[in-house]
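Below, in structure tokens: the form predicted on its own, a single chain.
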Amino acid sequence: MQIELRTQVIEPRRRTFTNLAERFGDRPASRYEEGTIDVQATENFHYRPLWGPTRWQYDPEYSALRLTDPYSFTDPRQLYYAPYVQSRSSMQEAFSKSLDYLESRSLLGRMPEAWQQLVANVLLPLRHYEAGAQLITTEGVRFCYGTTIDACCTFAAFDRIGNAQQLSRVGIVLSGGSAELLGAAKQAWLEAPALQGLRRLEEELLTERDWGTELVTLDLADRLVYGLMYQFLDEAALLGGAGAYSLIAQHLNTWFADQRRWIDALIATWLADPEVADANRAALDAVLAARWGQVVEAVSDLAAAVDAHVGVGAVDAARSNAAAVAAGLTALGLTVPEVSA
């Protein structure tokens, strides 16, 4: 008896789900598209929220910033659960290895005293800034409309609490394994004059009823805070004999570069929408008019605290960074108010 093996190709009856075929045509869809596009709940709700009876649980009117088609925005990173977890696992592993190296050589404790005080009094309290950012981004998760935006906000919210935990670990290593510096950092966040501008900003955003306004304002603060603490001070630390700080800063700076990709893409999509671009531009201008001066002042106070410890020209650097950010926003056609020095 002879057996002959043959390869038989079975053509699939369809290449993807119906909703994606209707949107993109009959082509194979990526896993990102299948897990993200057109997943927003749109009907068959049971009741309107008692705290907001004029809208359904999911409603595009929760923000003045809208898209005619919510799925005209897609994450340029194409992240869904599996690649997100893999990516962040790698980032966390890299940070842990760096921190283990710093701890094994006592490099944080060998930094100049001024830089140690900077970490304790200025950097560590920013773990509360990250925790507040997580709450603000979670507002976007709950109230945004469109699963592609929802997914980005969800991942960003997890990232922010991860950033807070990383800064907490830095404090534990610097204090020799105790949480003493973390308690002091909390009091600094609540009481230090240089930090009250950022704290006030985040607490006001938590009372905001427009998730888009919250995200945009937080992004303005992030551009200035990260530009100061993790970009400018990265270089200043190397020149000032505090290479351990630079090693920490590079990880947070790497994360922020990744964060910028989806935020920039979302703002560009808002401004390019064929039907509501003008309304979105007006809404973004309103955010800038209301918050830009507050953000610049808050980060200027932070920069003054940095200079009080290490005197590296942080105030001038923060001012230059704010001007560069304003120029970038102006290039998008937005109106950035003048802020006095």
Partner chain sequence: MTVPAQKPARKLSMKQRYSALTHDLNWTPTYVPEAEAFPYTTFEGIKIHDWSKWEDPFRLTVDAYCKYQAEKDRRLYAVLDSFAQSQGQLGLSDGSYLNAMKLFLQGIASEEYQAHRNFAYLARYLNGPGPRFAALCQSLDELRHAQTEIHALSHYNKHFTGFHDWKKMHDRVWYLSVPKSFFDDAVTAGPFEFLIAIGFSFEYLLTNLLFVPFMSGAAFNGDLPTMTFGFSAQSDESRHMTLGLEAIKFMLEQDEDNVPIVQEWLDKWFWRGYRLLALVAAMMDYFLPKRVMSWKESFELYFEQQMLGGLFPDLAYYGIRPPRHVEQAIEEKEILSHQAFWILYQFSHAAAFQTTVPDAAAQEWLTSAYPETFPKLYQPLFEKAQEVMDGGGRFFNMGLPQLCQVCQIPMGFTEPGDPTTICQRHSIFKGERYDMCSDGCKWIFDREPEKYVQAWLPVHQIYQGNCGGPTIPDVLAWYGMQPDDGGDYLGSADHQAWTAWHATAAKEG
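Superpose the two forms; the largest set of C-alphas matching within 1.5 Å is the rigid core. These figures come from a predicted structure and were not determined experimentally. Residue numbers count along the first chain shown, from 1.
Although it is not shown, the form predicted together with its partner chain is what the next lines describe.
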In this chain shown alone, the residue from L271, A94, L238, I172 with a heavy atom within 4.5 Å of its partner chain in the predicted complex is I172
The listed residue (F143, W255, Y226, W262) that reaches within 4.5 Å of its partner chain in the predicted complex by any heavy atom is F143
Exactly one listed stretch (263-271, 122-130, 229-237, 216-224) reaches within 4.5 angstroms of its partner chain in the predicted complex by non-hydrogen atoms, and it is 122-130
Distance check, R15 to its partner chain in the predicted complex, heavy atom within 4.5 Å: yes
Problem - 4.5 Å heavy atom contact, W189 and its partner chain in the predicted complex - result: yes
* Would Y101 count as a contact of its partner chain in the predicted complex, using a 4.5 angstroms cut-off between non-hydrogen atoms? -> no
query = Wondering, does E43 line up within 4.5 Å of its partner chain in the predicted complex on heavy atoms?
reply = yes
Contacts from 36-70 to its partner chain in the predicted complex (any heavy atom within 4.5 Å), listed N to C, are T36, D38, V39, Q40, A41, T42, E43, N44, F45, H46, Y47, R48, P49, L50, W51, Q57, Y58
Checklist line | Displaced residue check between the shown form and the other one: E43, CA, 2 Å or over, core reference | finding: yes
